[in-house]
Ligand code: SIN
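In structure tokens, the next block holds one chain alone, the form predicted on its own.
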């Protein structure tokens, strides 16, 4: 099993022919990780100082730039934070250029979400099993339902010491679903509205969100699956960019420090092949619609 597809792009706005474009589109939407080993995010000499944990407020594991321009999780003087914000914004701009070039039909529906600098070492981090990103999982969020919106992410390893970002990548989404979907529990009537009314969720949880959360937790809780399921280990070396639908690809971050990340949201209908989206896969198996219920 190899769920990594490498391309030799070395520019954030690469020139790409139609054959390569179709290969990249198919790889991404079919649940592969697109790996660009020769596409670094180049820091200026003054920006290299930001590869340090000291810029974190230590309340959040990431330093995040909101789409509206607000910086969260950072510590420093006004001038230092202005420079840090500019660096993260530049990564956001370059990641947007890349996605827009590789997947031009996404552009009208592509919504930019948070951009982050992840300064902390992954290995050794202690958390509950649900929050343990060293366990294989697909992304799903208890308080922030996606309602089927895709989670497209662009990562880059900016480690200055030659250390890789080590991931495990698991089996295809539909293979995992067939194992765990029978165990997934539905919400009780009125649960979604009640949770939203009480502020537990930022918007109403759909049947799709409920199933994705159940799959997330079931997979993370099953240590036999974590050890023995089909999977591969990948070393993303410094200077590597990789692109993935994190709601579709089973992944686990095992070690590494200093990474850039850009999240985009995209409605499943805007895909080149909407049937590959998790909500469409689950609806096909269940035989019912899993979107928003009034």
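Numbering follows the first chain given and starts at 1. Nothing here was measured: the structure is a model prediction, and the numbers come from that model.
The same protein also exists as the form predicted in complex with the ligand; that form is not shown, yet it is the one meant from here on.
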| message | Taking the ligand as it sits in the predicted bound form, is residue 133 in contact with it (heavy atom to heavy atom, 4.5 Å or less)? | response | yes
| So, in the predicted bound form, is residue 27 in contact with the ligand at a 4.5 angstroms heavy atom limit? | no
| message | My question is simply whether residue 259 lines the interface with the ligand in the predicted bound form - judged by any non-hydrogen atom within 4.5 Å. | response | yes
| query | Should residue 139 be counted as a contact of the ligand in the predicted bound form, where contact means heavy atoms within 4.5 Å? | reply | yes
| remark: in the predicted bound form, the residue from 253, 234, 35, 266 with a non-hydrogen atom within 4.5 Å of the ligand is 253
| request: Name the stretch, out of 199 to 207, 178 to 186, 78 to 86, 160 to 168, where some heavy atom lies within 4.5 Å of the ligand in the predicted bound form. | output: 160 to 168
| request: Pull the contact list for 98 to 120: residues with a heavy atom within 4.5 Å of the ligand in the predicted bound form, in sequence order. | output: 118
